[in-house]
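Listed next as structure tokens is one chain, alone, in the form predicted alone.
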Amino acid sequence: MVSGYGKLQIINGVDIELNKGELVTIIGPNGSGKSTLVKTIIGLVPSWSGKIIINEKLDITGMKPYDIVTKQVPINYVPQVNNVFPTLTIEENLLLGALPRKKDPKEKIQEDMEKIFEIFPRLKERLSQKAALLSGGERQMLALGRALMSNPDILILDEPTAALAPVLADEIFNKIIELKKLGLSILLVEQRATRALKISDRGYVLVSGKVAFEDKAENLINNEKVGELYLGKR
């Protein structure tokens, strides 16, 4: 895949794979193109070349986010910031996530919302509360819950623990583990690299818009060069 902004090329021939039920983490220094890569997958940044295939046969190359949503492509994306509607309640945010499911009865949507409350019980406790009043960790839980309301097969998470205190970050990581156990395929971009790799099946290290390393997650953790350059090991 090759992509960028205007005439500025950011992604330089990246080839990644996410298998069914896998949790794959992308790490790398700031400015390496991690967020640009996932935004290209979801159609927020135009792809200059290459193909984006999901579920082995569905080509979404060049599709805009609106088309991905309205055509109910089974993929959803949780951005790092501005990922909830602050003036709406928790319930309204979740129902917006289910908006593309026009053919599903209200009972099915309510049933799916109850399943989300099992994963994020705090959301049910504050169902009528405006999202603006949530803590940073609770906002991330709401963003994850809203994404799940579309019934995706693939979930793309861009820096879900950014700006969170370590204890809240650990809580979000634990929730991601729960989501993986549901059978979701998860592509995770994270700055807390070691922590993210510890819960992952495989990982990629992105540097200057290219894949510098790819391997099983535990091999990346134990790779001396990766550890020294990108995991803060000395």
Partner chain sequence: MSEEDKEIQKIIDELNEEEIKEIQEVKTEKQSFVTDHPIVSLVIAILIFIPIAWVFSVFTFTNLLQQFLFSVERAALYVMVCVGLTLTTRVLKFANFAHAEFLTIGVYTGLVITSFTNASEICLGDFCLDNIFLLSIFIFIITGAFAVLGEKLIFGPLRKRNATPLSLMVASIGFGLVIRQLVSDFFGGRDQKIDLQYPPFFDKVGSNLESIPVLKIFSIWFSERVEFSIIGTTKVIAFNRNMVWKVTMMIILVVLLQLLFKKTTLGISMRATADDIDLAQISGINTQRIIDWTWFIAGGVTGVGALFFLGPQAFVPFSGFAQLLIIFAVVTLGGFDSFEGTIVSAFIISAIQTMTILINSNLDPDNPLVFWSPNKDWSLVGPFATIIVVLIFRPRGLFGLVDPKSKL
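Small disclaimer: the values here were computed from a predicted structure and weren't measured. Residue numbers count along the first chain shown, from 1.
The next section is about a form of this same protein that is not shown, the form predicted in complex with the partner chain.
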Practice item. Go through 207, 54, 69, 199 and name the one with a heavy atom inside 4.5 Å of the partner chain in the predicted complex. Key: 69
Exercise for review: Find the only residue in 155, 113, 141, 84 having a heavy atom within 4.5 Å of the partner chain in the predicted complex.
Suggested key: 84
Check your understanding: Looking in the predicted complex, is the partner chain within 4.5 Å of a heavy atom from each of 65, 100 and 126?
Key -> yes
Review point. Is residue 168 one of the residues lying within 4.5 Å of the partner chain in the predicted complex, judged by heavy atom distances?
Key: no
Exercise for review: Look up in the predicted complex whether residue 163 has a non-hydrogen atom within 4.5 angstroms of the partner chain, and give yes or no.
Suggested key: no
Check your understanding: Though only this chain appears here, would residue 44 touch the partner chain in the predicted complex if you measure heavy atom gaps against 4.5 Å?
Key -> yes
Review point. If you check in the predicted complex, is residue 77 within 4.5 Å of the partner chain, heavy atoms only?
Key: yes
Exercise for review: Scan 96 to 135 and note down the residues that get a heavy atom within 4.5 Å of the partner chain in the predicted complex; none is a fine answer too.
Suggested key: 96, 99, 100, 126, 130, 132, 133
